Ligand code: NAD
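Quick setup: one chain, the form predicted alone, written in structure tokens, and binding and motion questions come after.
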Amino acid sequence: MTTTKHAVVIVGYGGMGSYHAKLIKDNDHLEVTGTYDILEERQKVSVQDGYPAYESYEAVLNDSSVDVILIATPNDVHKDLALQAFKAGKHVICEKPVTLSVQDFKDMVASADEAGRVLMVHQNRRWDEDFLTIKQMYNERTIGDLFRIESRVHGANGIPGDWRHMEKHGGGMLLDWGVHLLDQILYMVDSRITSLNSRLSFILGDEVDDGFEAVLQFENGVSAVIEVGTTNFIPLPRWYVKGTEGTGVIEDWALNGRIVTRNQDAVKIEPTPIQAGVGLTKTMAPPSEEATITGALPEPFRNPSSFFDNFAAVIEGKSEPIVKNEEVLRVLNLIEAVFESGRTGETLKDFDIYPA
């Protein structure tokens, strides 16, 4: 049985646009039928890759064979491109961050609803295995109830590219990587944020942040540290989590890590003092070998389908979106709060958009 594929045009055929084309190439439900980019050199690359390049965005909108527009441009033009697409009767996949403000996203959702079209944001890091492993540990209480979650991405190359250095285009690390890490923590921890404190880094002298740290406290007792850095020549682990029965660490995206749990069958032995610097300590002495068990990370939680398969099922009316627009709105609201706390130095409360 032959499956009819939905025609997708990628708008913005740069690094992410061409990456999307590779992801969609073998998809059973979607097919890239062309691209549009304002730069002539990117148009040439598109043709070399086998995708016809439209001469204008208007030509894309006027092509009745196009079902879906995938927006992979700099962040500041997402809204305008999406609104035009909905008016032309197209579905939209939009790269993150979908917009630069909560209100702009509300406008996009309203336009999609009015046109009866689907808008889905490409929050692809919900499919990362390192994150899904931690989500599994959280859901299944692998090391007891998680009460401390530290999520970090560290690099030492500064801010990449060109427009990501510019505030007017929506540059900076909070909007680039922060949107992923904040989306992950909210997707995992189903609880209202009761407080937030954040700091933004401008070490490299750009007009946008080159990193940030946000400390979140949830109503259910979970605390989370979310950090992005571009000046870290020695990175900290990707994940470090503490539960009531143990500790877990994932060093990197290759899933190098382990869990250490309390041995419930061991006889409790008082720690022997150790030499620590110029003093002695029992508090920080390591537990006895019998007191803990070191094990492998659990198998990760699995999303029911890939992003693109899910999107196709949504526009066909066969499934609910894995990335829901109300969840995206909550993340954008949190991003605005991180900017505000970082700017004012204040701890924020009562700002979270959490479903009642």
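Owing to the predicted nature of the structure, the values given are computational and were not obtained by experimental measurement. In this text, residue numbers run from 1 along the sequence as written.
FYI, the form predicted together with the named molecule isn't displayed, but the following is about it.
In the model of the complex, the named molecule sits within 4.5 Å of a heavy atom belonging to residue 36.
The named molecule is not shown here, but in the model of the complex it comes within 4.5 Å of a heavy atom of residue 95. In the model of the complex, the named molecule sits within 4.5 Å of a heavy atom belonging to residue 16.
Contact check for residue 74: a heavy atom falls within 4.5 Å of the named molecule in the model of the complex.
The contact with the named molecule in the model of the complex, taken as any heavy atom within 4.5 Å, belongs to 163 out of 202, 147, 163, 127.
Although the partner is absent from the chain shown here, 12, 122 and 180 each have a heavy atom within 4.5 Å of the named molecule in the model of the complex. Heavy atoms within 4.5 Å of the named molecule in the model of the complex are found in one stretch of 250-258, 74-82, 108-116, 267-275, which is 74-82. Applying a 4.5 Å heavy atom cutoff to the named molecule in the model of the complex picks out 42 as the lone residue from 40-55.
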